[in-house]
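We begin with a single chain expressed as structure tokens, specifically the form predicted on its own.
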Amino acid sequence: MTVRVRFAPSPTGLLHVGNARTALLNWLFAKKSGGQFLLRIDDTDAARSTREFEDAIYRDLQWLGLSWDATDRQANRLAKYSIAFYRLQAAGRIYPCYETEIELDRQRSLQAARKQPPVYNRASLDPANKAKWEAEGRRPHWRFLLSRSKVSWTDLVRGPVEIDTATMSDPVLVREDGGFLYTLPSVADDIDMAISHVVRGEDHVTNTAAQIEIFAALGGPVPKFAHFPLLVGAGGEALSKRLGSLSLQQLREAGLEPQAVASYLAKIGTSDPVEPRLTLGELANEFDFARIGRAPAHFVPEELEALNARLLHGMAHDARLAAMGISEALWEAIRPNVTRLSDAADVARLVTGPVTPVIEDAALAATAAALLPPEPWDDTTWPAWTKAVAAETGAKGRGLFHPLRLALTGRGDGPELKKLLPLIGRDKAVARLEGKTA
């Protein structure tokens, strides 16, 4: 069976980290399986969907490195949903309902008072009620008639799942204004696009039972399902309370690496250690539904920040660094001190200058300048030179190294000077030790 999965975001806002994780897990599964990843824009909510947000979805997925094999917009497929609607109607599996939202709220309140589950009572199926409400000129919304029996499937994350649809309200498929809600277009598209696996958050587990019945009513094959736990905050709080609006755009603008974000979202909530991977291919090779735990995945921004730094510390020199004027040797020297790529330019200025030195010990600096050996320099220059300065001045430990670092870089911390000194070069080193900006 060819694996075909889909990601179906709504263009009603920016892509947040929870959505991004859904997209990523679908993509990783498809690539590991040699399958296809489809992008389907769920824009049936015409009042809230915008082209701006749709374009942002494309941009954010591309930034994360996720490509798609095909794409479509549900607004282009309304005729197909109408055909599906009429098929359900002909099969007697969809029916008109006339209650107002106020009346439905009243019904739910009565059920709650009686300690009954809030399940729609199917009053609209009563011919007398239907005739009365039609005579009042009410416009119907349309519900799918559930079988009120048990629906079961083997979930690729949760294992065996069984839900009694008698505990559920018949889902509304079409609004009073004739607009389609999520459920029917989703099932119709999954059939039409031959989706083999539906990979999504566990908040969809219950409505999966209704969707399986709709698949059967439309005569389509039922895909396999994988429902993974949702993201929560560091303390287990719902992500929406603090970070639910944290978008990929915000992460990008904060200077985080897309591969760090992908590594983090792919590994949290799994049995794998949360470690950086340099390519999506590595993440795909390691992907396995069996590794996804049943507990919620904790999204901790500080962990993502640390992972971003670890990724950069292991990253090879690339075209972006070259465009910043940072050579391979300079990157090798400064990358352990970079937490964001944007930091690289600042750290690189310790070499390229200008640096205003801080002369803490003028006599030590003067002696050190006089003892600088001729070039060429390499990694052995710093230890040999500082040994000579120590022998001449008697300085050692912090009393030796700290004044030299302040003079050479103007800072009390930074990259390893063994690697930095040969890149600074003798002329700049002498000038800085003499207290000159260079």
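In this text, all values refer to a predicted model and were calculated from it rather than measured experimentally. Numbering starts at 1 and follows the sequence shown.
A second form of this protein, the form predicted together with a small molecule, is not displayed here; the remarks below concern that form.
By the 4.5 Å heavy atom rule, the three marked residues Trp63, Gln259 and Ala262 all fail to count as contacting the small molecule in the model of the complex.
Shown without its partner, this chain lists Arg335, Arg138, Arg200, His141 as candidates; in the model of the complex, only Arg200 has a non-hydrogen atom within 4.5 angstroms of the small molecule. The contact with the small molecule in the model of the complex, taken as any heavy atom within 4.5 Å, belongs to His204 out of His204, Lys132, Arg73, His313.
Mapping the unseen interface onto this chain, Phe215 falls outside it, with no heavy atom inside 4.5 Å of the small molecule in the model of the complex. In the model of the complex, no heavy atom of Phe289 sits within 4.5 Å of the small molecule.
In the model of the complex, at least one heavy atom of Arg6 sits within 4.5 Å of the small molecule.
In the model of the complex, the small molecule lies farther than 4.5 Å from every heavy atom of Phe180. Residues of just one listed stretch (351-359, 119-127, 149-157, 180-188) have heavy atoms within 4.5 Å of the small molecule in the model of the complex: 180-188.
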